[in-house]
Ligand SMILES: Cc1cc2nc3c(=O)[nH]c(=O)nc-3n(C[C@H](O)[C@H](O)[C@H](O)COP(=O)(O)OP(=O)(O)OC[C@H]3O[C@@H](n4cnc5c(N)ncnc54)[C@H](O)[C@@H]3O)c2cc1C
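One chain is shown next in structure tokens, namely the form predicted on its own.
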């Protein structure tokens, strides 16, 4: 027997997050979008409220001060977070990277614990102009010099890069080995000589969540700033990216798509044309039905894959399938939502125009749909299609 019931404790948490998003966060979306930011004191106040309710760093283990949520619980929570904008999510609920749990000794006091408490902001520096989906092709180098490493190179498209207190920077320490033991992660403080923030890069969507260039010019960091083990940076990233793809892209897509569907459903019931609600027209019904079916399919994929992660399994093919399906589902639903509203859907008076722009990047970042389809197909050709077995 398969039990799909959500435990009462989890349901209460999800309801708390839902109410907080609807009552405290969504009313700020228009101002955030129009100004591409909010007054720091407003964001700080909401962040303090979220921390007080235990809604900050929910993905991090309890032993380091986080929420200690399972993958399934995190996905259910992220559905609710997905019903607002990326900028507000990052500013209020935090973006604390799980790889910080590998901090050791003084690193835990300097980087891990302050990040979990919301006192320090971390940026994640991987992407470069010549290294996007192929992260192993980075050119930023870190050369050992006595007790230090000297970093040279640049990153771009770095979320929160302009405001981060420190960055986790991926660099080559052995160009011959690259992903097979030649990439190392470094904790680099913003005030480190040789580290500077380049230009902030304007984007189509996610207004209020800036993306910036990070530049390293003979930036000297001590060997004590290595995160994890030297040469193991690529492996560390791959071991922690699973829940990010699943929750931040998959579950958030479901949340926002659900919000779009609810807006479209209400509009179809209320808007009258030719003497009847437009929801009576079969073509509108088709769009609503397709949206609902798409959302349900994505949600089941996500929760099944999250359950496997919680069982200690490695569902990497399913993670790629989720990344492709959920991101493309969100794009379809955003487009159909605008179509149901017609001209009003194209206006900035409704959130649909913003959702349409924001959803487009989902098919690009954290591995393009094309890259993930290639990974799925390679494993399919190698091992066959194996979803059957002793678990669903």
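Quantities reported herein were computed from a predicted structural model and do not represent experimental measurements. Numbering follows the first chain given and starts at 1.
The same protein also has a form predicted in complex with this ligand, omitted here; what follows describes it.
Student: In the predicted bound form, do 231, 234 and 239 all reach within 4.5 Å of this ligand through at least one heavy atom apiece?
Tutor: No, none of 231, 234 and 239 comes within 4.5 Å of this ligand in the predicted bound form.
Student: Exactly one of 166, 149, 157, 195 has a non-hydrogen atom within 4.5 Å of this ligand in the predicted bound form; which residue is it?
Tutor: Result of the distance check: 157.
Student: Check each of 64, 361, 55, 355 and return the one that places a heavy atom within 4.5 angstroms of this ligand in the predicted bound form.
Tutor: Exactly one residue meets the criterion: 361.
Student: Indicate whether residue 124 is a 4.5 Å heavy atom neighbour of this ligand in the predicted bound form.
Tutor: Residue 124 belongs to the contact set for this ligand.
Student: Does residue 14 reach this ligand in the predicted bound form if we count a contact as any heavy atom within 4.5 Å?
Tutor: Result no; residue 14 lies far from this ligand in the predicted bound form.
Student: Does residue 30 reach this ligand in the predicted bound form if we count a contact as any heavy atom within 4.5 Å?
Tutor: Heavy-atom contact with this ligand at 4.5 Å: absent for residue 30.
Student: Although the partner isn't part of this model, could you tell me whether residue 211 comes within 4.5 Å of this ligand in the predicted bound form, counting any heavy atom of the residue?
Tutor: Contact check for residue 211: yes, within 4.5 Å of this ligand in the predicted bound form.
Student: Counting only non-hydrogen atoms, which stretch in 362-370, 332-340, 37-45, 346-354 is within 4.5 Å of this ligand in the predicted bound form?
Tutor: Among the listed stretches, the partner-contacting one is 362-370.
Student: Heavy atom within 4.5 Å of this ligand in the predicted bound form: which residues of 130-151 meet that condition, in order?
Tutor: Residues within 4.5 Å: 132, 133.
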